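Only one chain is given next, in structure tokens, and it is the form predicted on its own.
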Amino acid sequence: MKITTPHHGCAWITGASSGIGAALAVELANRGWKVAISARREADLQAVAAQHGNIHGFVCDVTDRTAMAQVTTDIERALGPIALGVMNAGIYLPTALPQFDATLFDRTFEVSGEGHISLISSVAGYGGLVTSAAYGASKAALFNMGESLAMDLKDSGVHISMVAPGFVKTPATDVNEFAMPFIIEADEAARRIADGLAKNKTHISFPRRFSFLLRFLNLLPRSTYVKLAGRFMGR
């Protein structure tokens, strides 16, 4: 399978004003990518972009489809075709679901016949976790959508990667009041994501022990899973 590299165009990361998105922008820029970063707050984007000359901020709200279509055009005009799209925008609130519109990349990929879309999900998508009823449901939906897109785009030259981090130290996890096993720093998460993308991996999940444990627990009867998972996370 053809590997997407900086030679094919730029990378676009949504939700890149902080946390994993911001760290991944710096990681990819260090690896030679021209990186477009998007979020709602211009000042935060400028702070990330100031870390590397290859990072460029484009303010937008992922829930505004018209604006997203316009920013796609703006990115292509400024940096060239979008070869790697990392859909990272999302929040962790009881009733809020991340938004993603795969059609935003159709024009670029239809023209080039190649490319790489990465959907940032979470190990919370494997099964229910403490305080994650809405968040986990949205991440499970991303797994379903990503697998469907991978099937639909199998012969198109566009590769789909699903990324499932465990707990990563970010502003989103700083508010958690429960145990977060195997938590890692955002820079380490960004390195692992970038390594997986560079190898065209379809499933990128880490930390390995936590991911394996959750996938194993999800093979158990649901009543057993609920009891053990809740106990493991201190509930």
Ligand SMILES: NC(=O)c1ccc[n+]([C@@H]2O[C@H](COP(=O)([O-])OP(=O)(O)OC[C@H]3O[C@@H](n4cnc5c(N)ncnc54)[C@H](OP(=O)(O)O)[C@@H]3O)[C@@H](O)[C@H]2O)c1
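Sequential numbering from 1, following the sequence displayed. It should be emphasised that the depicted structure is a prediction, and the values quoted were computed from it without experimental measurement.
The form predicted together with the ligand is left out here; the points below concern that form.
**Q** Tell me, please, which stretch of 49-57, 28-36, 195-203, 62-70 lies within 4.5 angstroms of the ligand in the predicted bound form when heavy atoms are compared?
**A** So the stretch in question is 62-70.
**Q** Would 17, 40 and 168 all count as contacting the ligand in the predicted bound form, using a 4.5 Å heavy atom cut-off?
**A** Result yes, every residue of the spot touches the ligand.
**Q** Might residue 126 be said to contact the ligand in the predicted bound form, defining contact as any heavy atom within 4.5 Å?
**A** Taking the distances in the predicted bound form, the answer for residue 126 is no, it never comes within 4.5 Å of the ligand.
**Q** Could you confirm whether residue 75 comes within 4.5 Å of the ligand in the predicted bound form, counting heavy atoms only?
**A** Although the ligand is absent here, residue 75 would stay clear of it in the predicted bound form, with no heavy atoms inside 4.5 Å.
**Q** Is residue 116 near the ligand? Define near as a heavy atom within 4.5 Å, in the predicted bound form.
**A** No - in the predicted bound form, heavy atoms of residue 116 and the ligand never come within 4.5 Å of each other.
**Q** Is the gap between residue 179 and the ligand in the predicted bound form 4.5 Å or less for some heavy atom pair?
**A** Residue-level check for residue 179: no, no contact with the ligand.
**Q** State the residue from 158, 130, 83, 89 whose non-hydrogen atoms include one within 4.5 Å of the ligand in the predicted bound form.
**A** Partner contact (heavy atom, 4.5 Å) among the options: 89.
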